[in-house]
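Two separate entries follow, structure 1 and structure 2, each one form of the same protein chain as structure tokens.
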Structure 1
């Protein structure tokens, strides 16, 4: 297990773009055999990015409802510097309890540990591990893995800062022709059904291309992915 973790850290250290951060979250989730690993950060310009294993349905729902404004995990970690078990947060309001029930329904998990990280010029990040299990199982997991998770969290953040400091010289993700086509049709305002028809593929296959592009671009949702593809000149409409 220790050798596997070292290999994952080396993978992170060699990451060339945000798609590698996405791949690392998936490898870590599988390594720890938990529901999710997520790294989310806000850079010095206030732009948000994410890499993680939450379902696209939950990410879209989160953005649609603007949960960032009231998410007890975000609000609680903004006031802390040490790792935070979700049970320590304030879930007393009706809105918070409703949010938690919905997150669990979308597969986020009833247990979580978030590690707040701060960087220069106002950069803020959260590294989160979550799972669905009872309190005793989760407490044992945290006791066993806390040290390694903190190390990994800071490896993610170090790499994210490298990408930010690289500015325009940071490597751009490479999208496949089909991923580029999917992004282009969406950027032109076509619905998913219309885009799939234009590409002569099923909507399910289109979703696969969109998800792949989103992960490579480090986007929070499909709209964000299209915006990033446009801003980087990967697609032209």
Structure 2
């Protein structure tokens, strides 16, 4: 799985649009005179891409350790809406703190601002600016540049979306209303029998919807189908 991720990222680095992003991050970094700019993008198929100015050493380390799954910046922004300063995140666990220490050792800033933006089909973009400085300097920087950074994040998203739609990426399948209802009830924890009762249809019919949704979503089982429907933003619990 990790190799696939790396391959995708490499591919993207060579792709015209993303190298554009890469160049853009570098340019931004120079312009704002901060340590790093990172752009992280999860498309509607759940594939991840990134472009940033972190050192290759840190990127390798990050991938190797699968830090994606515990990085408080990622986890925090997955639950948030608006730009978030790294200080507002949850660094209480030991793993998180040692992660931060290590990150700083690898040249990542001790201060950071991340802007999460979501797309209609479960796309998730995270634009991050980070720097190494004390709190006052950082607060002043954020105060001055927050708006620009939000606008830039939107620009990046536009680019990423263009790339996604221009390429061969499979568009999110559209589920019928009953299929969506079925997925939603299952995501709420109802059994098939209960869901069928809610929808006032036979359980047999409900099964047809689940199967149809499963096939459309390319899912291996019901849980997978519900997970995909959720992470693509097709349903909401």
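Since we're looking at a predicted model, the values are computed, not measured. Residue numbers count along the first chain shown, from 1. Definition used throughout: the rigid core is the maximal C-alpha set that superposes within 1.5 Å between two forms.
Only structure 1 is derived from the form predicted on its own.
Core-aligned CA deviation for residue 192 between structures 1 and 2: 2 Å or greater. After superposing the rigid core, the Cα of residue 60 is displaced by less than 2 Å between structures 1 and 2.
Once you line up the core between structures 1 and 2, the Cα of residue 32 stays within less than 2 Å of where it was.
In the core-superposed comparison between structures 1 and 2, the CA atom of residue 214 travels 34.7 Å.
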